[in-house]
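Shown below, as structure tokens, is a lone chain in the form predicted on its own; questions about how it binds or moves come after it.
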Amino acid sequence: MRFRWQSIINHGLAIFVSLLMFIPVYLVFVNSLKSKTEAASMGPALPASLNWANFATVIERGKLVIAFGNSVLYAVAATVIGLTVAALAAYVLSRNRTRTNRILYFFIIAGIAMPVNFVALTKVMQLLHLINSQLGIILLYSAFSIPFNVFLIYAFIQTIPRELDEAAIIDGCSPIRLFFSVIFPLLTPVLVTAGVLGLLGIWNEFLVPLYYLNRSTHWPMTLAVYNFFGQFQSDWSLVSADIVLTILPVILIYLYAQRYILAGMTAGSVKG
């Protein structure tokens, strides 16, 4: 009986928190379909008529097609680079557990909690001539994702038997071929988890492009929304439509990949 009441309370609390998280999304979506006058108060009431033209206006005036392409480029390219580098590093550190590698591992994952020094980072970007370039943003995002990716992949690699490595070496595999032909495919669950989390984080990132991108043609969706809000802050219907178009890909990706995220987070928790 006690367990039943505890389950009811837990489910009720989860539903309550979910509703709280859903309210801002609901308000933005509802007001994106209202007229300028109706959306002025940002109220929860349904629109008198559906103004789908708001989305067409936002796409045209906000240059969201270019911004969407930039966000996809940054998110995909940085995620692929970050995952590949992190997987290689995690494999070497996990399979060769020397004292030096152990220290190096903790040094890398310390980047998860360490704050970013934007002053020093700006100096480095200037020296490398990467400021205001798409390549610079991709490399920054890749570097930022490596500590967390190494942390996830390192634990997962420990569940992969070393006998697979030995069998591949006996068959004549080189170290690179061993990793990409044997180990890398086995990392799919954790790679999907880290990849989805990385995509979501990069898509929502605001400070990095704000500091290091001055050209509007290089702006991602987050900066496009920021710029659009500055121009049309008196029209909440258009601002809401802009926000909806920005968060919609994130919501769809998360809903589709939720089961992979959970599977990848728990796959490496028990050593087999």
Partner chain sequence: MRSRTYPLYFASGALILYLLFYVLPSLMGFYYAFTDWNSYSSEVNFVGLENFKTIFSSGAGQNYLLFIRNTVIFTVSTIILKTGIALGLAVLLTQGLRHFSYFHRVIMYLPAVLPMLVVALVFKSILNPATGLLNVTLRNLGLGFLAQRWLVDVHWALPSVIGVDTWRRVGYIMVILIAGLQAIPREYYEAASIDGASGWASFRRITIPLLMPVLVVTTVLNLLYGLKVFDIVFVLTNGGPGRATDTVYTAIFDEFSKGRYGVATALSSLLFVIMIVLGYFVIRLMHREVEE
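The shown structure was predicted, so the numbers you read here are calculated from the model rather than taken from an experiment. Positions refer to the first chain, counted from 1. Definition used throughout: the rigid core is the maximal C-alpha set that superposes within 1.5 Å between two forms.
Keep in mind the form predicted in complex with its partner chain is missing from the figure; the text below concerns it.
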TODO: Tell me whether 88, 155 and 176, taken together, all sit within 4.5 Å of its partner chain in the predicted complex, counting heavy atoms only.
DONE: yes
Open item on the list: Considering non-hydrogen atoms and a 4.5 Å limit, does its partner chain approach residue 195 in the predicted complex?
Closed with: no
Open item on the list: I'd like to check something about residue 73: if you look in the predicted complex, is any of its heavy atoms closer than or equal to 4.5 Å to a heavy atom of its partner chain?
Closed with: no
Open item on the list: So in the predicted complex, is its partner chain close enough to residue 243 to count as touching (4.5 Å, heavy atoms)?
Closed with: yes
Open item on the list: Residue-level question: is residue 80 within 4.5 Å of its partner chain in the predicted complex, judged on heavy atoms?
Closed with: no
TODO: Let me know which residues along 9-43 have a heavy atom within 4.5 Å of its partner chain in the predicted complex, or say none if there are none.
DONE: 10, 11, 13, 14, 15, 17, 18, 20, 21, 22, 23, 24, 25, 27, 28, 41, 42
- [ ] State yes or no: after fitting on the rigid core, is the Cα displacement of residue 24 between the shown form and the other one at least 2 Å?
- [x] no
Open item on the list: Superposed on the rigid core, does the Cα of residue 252 end up 2 angstroms or more away between the shown form and the other one?
Closed with: no
